[in-house]
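Below you will find one chain, with nothing else, as structure tokens; this is the form predicted on its own, and questions on how it binds or moves follow later.
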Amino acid sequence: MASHMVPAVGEFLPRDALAWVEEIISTAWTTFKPGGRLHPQTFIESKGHLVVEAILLALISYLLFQGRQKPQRRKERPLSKEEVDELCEEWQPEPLVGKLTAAQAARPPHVITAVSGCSVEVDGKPTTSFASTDFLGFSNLEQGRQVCEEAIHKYGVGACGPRGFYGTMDVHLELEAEIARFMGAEEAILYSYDIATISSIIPAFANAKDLIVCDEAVNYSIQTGCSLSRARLLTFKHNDLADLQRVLEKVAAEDKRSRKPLNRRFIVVEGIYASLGDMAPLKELMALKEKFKYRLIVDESLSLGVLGQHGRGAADHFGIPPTAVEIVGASLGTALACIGGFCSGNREMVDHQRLSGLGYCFSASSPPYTAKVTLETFRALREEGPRLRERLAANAAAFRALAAGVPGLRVVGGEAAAASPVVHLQLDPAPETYEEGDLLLERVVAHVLKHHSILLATAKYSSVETRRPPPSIRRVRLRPVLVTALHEPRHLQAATTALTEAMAALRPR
């Protein structure tokens, strides 16, 4: 091949230049070929490496023994006392908290002094409450009061230590075993603070190399968990399975192009969404997560005890086996009317959190009496749950139907959310600004309390949340039982009548 190329090169170079290039190449080859004077072997044999080593030693010695050079400080005239005083007078510190909005200023503090079923005493005035997550009325269980008192006499008030540092008591282990049995799981782990539960679970399993895909409407606790994990975060439109499939397919296409190493991948949703009150379409989600090989994390905080044949939550409601969802977390402060949270699943997943779940490792364990009360509410849930859930579902559907007829308000969720007792009412049409809508709904809530003795609550969101839904009145607890006393049809009708009257009186013409 070389013999064919030389004539071609010669066509573009004069003969003298070509001879000069050949001479350079020949000289270089003679110098550096084996046996040449600059070949590494010849260089070492002639002790030339000692020269290089001496130069390096001299350089290192120079760097070690050279004096440190300090930067020259600029000589500036010190400020006089008058100049210091003038600067202090001009300085205006930034406020630690921003100014309250009109809606925030319109929220007077209310004090509840007595609770009896769905009736509460607010500022000394008897009212009907639609503002509690005590869905099944377990907060006033008489047996719960008794076991609570007995536990205080036996264990005292607090555990005074994290679970791994002498904070574990027999009632904690008993409760974890009961939760595992109820959820149909191998094992469960108990957290002492419910809002820290899911935000501890997520970073226990995901890190910066992993991927989390979550619904854009997830609650603040899930948002915090995703942030703490440092994992790559992708969101899909709320309950939009087509958009979720688009996101998963996009990730799959990226993997094919870049051949990324394997990592952990999760889809995160809520059984009942706290910010909107509707349910995740878990049956269809299961098909997508199996197709694309993701693990599913479900926050069942508002659906536990409320949905499903066994009261296990949204997965149970859709007939999904307990073992099909890899990680389930939930609050014990809603239908079970206690405090804390838990995570249930297979044994390896749960045991991993005992050293990696931040809320478990670094928080004092639950007071023993709360664990005893929770055991009692689980007993009541097994015995009374089916009847209470049936009544709760009927009340939820009835109220949604009545609220749909209130002029100026829209029920979030539609028929797909009929079984959810968390009902959000949004202004329809929506106001021009969030603050305008928030203020109007605060006035509606205050009007209904003052003139109709009905306690409602507006949805409130943190300023640091990544997504803030439109303003809404949130009703939680269309309660079924006596403490439990049921919300009777007259209570539901009275609430919608009060809302209709308040909207007519306060809504801008």
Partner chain sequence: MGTGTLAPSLKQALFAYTSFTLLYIFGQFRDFFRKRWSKASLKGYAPIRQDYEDFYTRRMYYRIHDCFNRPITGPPSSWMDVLERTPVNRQEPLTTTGKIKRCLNLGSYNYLGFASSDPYCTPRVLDTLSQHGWSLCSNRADAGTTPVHEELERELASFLGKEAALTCGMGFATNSAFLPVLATPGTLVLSDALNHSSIVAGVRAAKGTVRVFDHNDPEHLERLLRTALVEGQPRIHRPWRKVIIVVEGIYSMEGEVVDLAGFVAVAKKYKAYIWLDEAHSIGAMGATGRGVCEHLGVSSADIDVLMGTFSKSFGACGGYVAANKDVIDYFKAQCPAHLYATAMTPPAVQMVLSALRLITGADGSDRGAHKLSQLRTNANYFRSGLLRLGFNVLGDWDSPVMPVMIFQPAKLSATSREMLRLGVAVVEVGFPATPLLTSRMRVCISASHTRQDLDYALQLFDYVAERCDIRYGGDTARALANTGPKIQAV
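Just so we're clear, the structure is a prediction, and the values are computed from it rather than from any experiment. Positions refer to the first chain, counted from 1.
Here the subject shifts to the form predicted together with its partner chain, a form of this protein not shown in this document.
With respect to its partner chain in the predicted bound form, the three residues Gly117, Leu425 and Lys450 uniformly fall beyond 4.5 angstroms at the level of their nearest heavy atom.
When contacts are judged by a 4.5 Å heavy atom cut-off, Ser344 does not count as touching its partner chain in the predicted bound form. The closest heavy atom approach of Lys293 to its partner chain in the predicted bound form falls within 4.5 Å. In the predicted bound form, Arg145 approaches its partner chain with a heavy atom inside 4.5 Å. Remark: Cys88 counts among the residues lining its partner chain in the predicted bound form, judged by a heavy atom distance of 4.5 Å or less.
Only one listed stretch (303-311, 246-254, 193-201, 383-391) carries heavy atoms within 4.5 Å of its partner chain in the predicted bound form, and that stretch is 193-201. Note on contacts: among Asp240, Glu435, Glu284, Asp170, the single residue with a heavy atom within 4.5 Å of its partner chain in the predicted bound form is Asp170.
Note on the partner interface in the predicted bound form: the residue among Ala180, Ala217, Ala398, Leu358 having a heavy atom within 4.5 angstroms of its partner chain is Leu358. Contacts between stretch 260-276 and its partner chain, counted in the predicted bound form as any heavy atom lying within 4.5 Å, involve Leu262, Asn263, Arg264, Phe266, listed in sequence order.
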